[in-house]
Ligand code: COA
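Here you get one chain, nothing else, as structure tokens; it is the form predicted on its own.
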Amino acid sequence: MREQVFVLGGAQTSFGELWNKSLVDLIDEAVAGAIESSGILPTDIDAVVIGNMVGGELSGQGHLGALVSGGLPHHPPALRVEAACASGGVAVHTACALLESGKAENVLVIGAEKLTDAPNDLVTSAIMNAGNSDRDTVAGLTFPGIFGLIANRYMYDYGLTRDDLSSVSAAHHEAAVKNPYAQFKKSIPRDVISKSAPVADPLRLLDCSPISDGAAAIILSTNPSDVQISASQVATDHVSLADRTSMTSFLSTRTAFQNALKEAGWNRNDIDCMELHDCFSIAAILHLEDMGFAEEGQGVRFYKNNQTHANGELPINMSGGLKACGHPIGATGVKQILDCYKQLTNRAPNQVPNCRRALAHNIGGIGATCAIHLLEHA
């Protein structure tokens, strides 16, 4: 980065089925908390970036940047960013670019989504806009169906078992028990996960991240704080699996991660904890392999060996991740940055000891977009 970018503070709402709150209510709550925690005045905000995917389709509200800016006393310039489930991460990346360029000194970044008030078929249809309508949607595919195909291929290639797959969700649910903002604060044994309702073979209900409401907000600044964003990278790939050379590896993650390490001057062993985009249990395994933490076919070993907890070899998703904390689509990427910030300032409910460097990994679609952020204690 040409200019150093710091996290001044942030806040989030609870994630879950929040029927008594509108999309705007959730945004307002997160913004107020972020401003309070950062110690700045609302008028210190030079720009607003909000990540959101389906506000227009499900809440009838598409012009969210101006809506948020209108709630601030001086109406700073604002924009909405959409990159499917990576909307939040790309919003953070956009804010970093504004700060690096000198266009702003303080940027308010928000991620928000309201999903649970709409009928399931409408939610499914809106989310599938992140796919390729000519190749995937026309064939009747949904994202659980696509990740089910990926899981089947992976099992065929590498011998992954159903019990192995369940160890991923079990670990993330266990981590969420301590998170007061999580949608599911309950540990779930592997055998219960394996026997939960089938969704898209071999995926079961408890392999899948839930439909959620929620918002998160952070203040990024060129003014120093305890936490610095040392790298911000976005990479993309074909939207449809049909156009790719592999079903079990995401080029966007590989590219964004390598570029982020180069930008920060790190190697992967410098990372003390990570927030990983576990939209489905199989996805977490793929990401670990794509980032080189494990060889192909070996990503599940961290879960099988019980090494993803706070004191483990590789602490993963101490918030509970998408699987247990919840997945309000646009909010996820921003919340991941906030979770890393909490770890690096010793404020996390599930604290990793001596955590100095953290990774946030956020994908959109079937890994068609990937945002990687590396953060460290300054």
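Residue numbers here begin at 1 and follow the sequence given. Predicted model only: the values in this text are computed from it and were never measured.
One more form of this protein should be noted, the form predicted together with coenzyme A (COA), which is absent from this view; the next part is about it.
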query: Answer range among 96-104, 290-298, 259-267, 137-145 for contact with coenzyme A (COA), defined in the predicted complex as heavy atoms within 4.5 Å; finding: 137-145
query: Option touching coenzyme A (COA), based on a heavy atom within 4.5 Å in the predicted complex, out of 133, 245, 305, 120; finding: 120
query: Selected contact from 235, 126, 271, 199, since only one has a non-hydrogen atom within 4.5 angstroms of coenzyme A (COA) in the predicted complex; finding: 199
query: Residue contact check: residue 323 to coenzyme A (COA) in the predicted complex, 4.5 Å heavy atom; finding: yes
query: Interface membership of residue 220, coenzyme A (COA) in the predicted complex, 4.5 Å heavy atom rule; finding: no
query: Residue contact check: residue 250 to coenzyme A (COA) in the predicted complex, 4.5 Å heavy atom; finding: no
query: Close approach of residue 210 to coenzyme A (COA) in the predicted complex, 4.5 Å, heavy atom; finding: yes
query: Candidate site 85, 205 and 327: all three near coenzyme A (COA) in the predicted complex by heavy atom within 4.5 Å; finding: yes
query: Sequence-ordered list of residues in 248-282 near coenzyme A (COA) in the predicted complex, where near means a heavy atom within 4.5 Å; finding: 279, 280
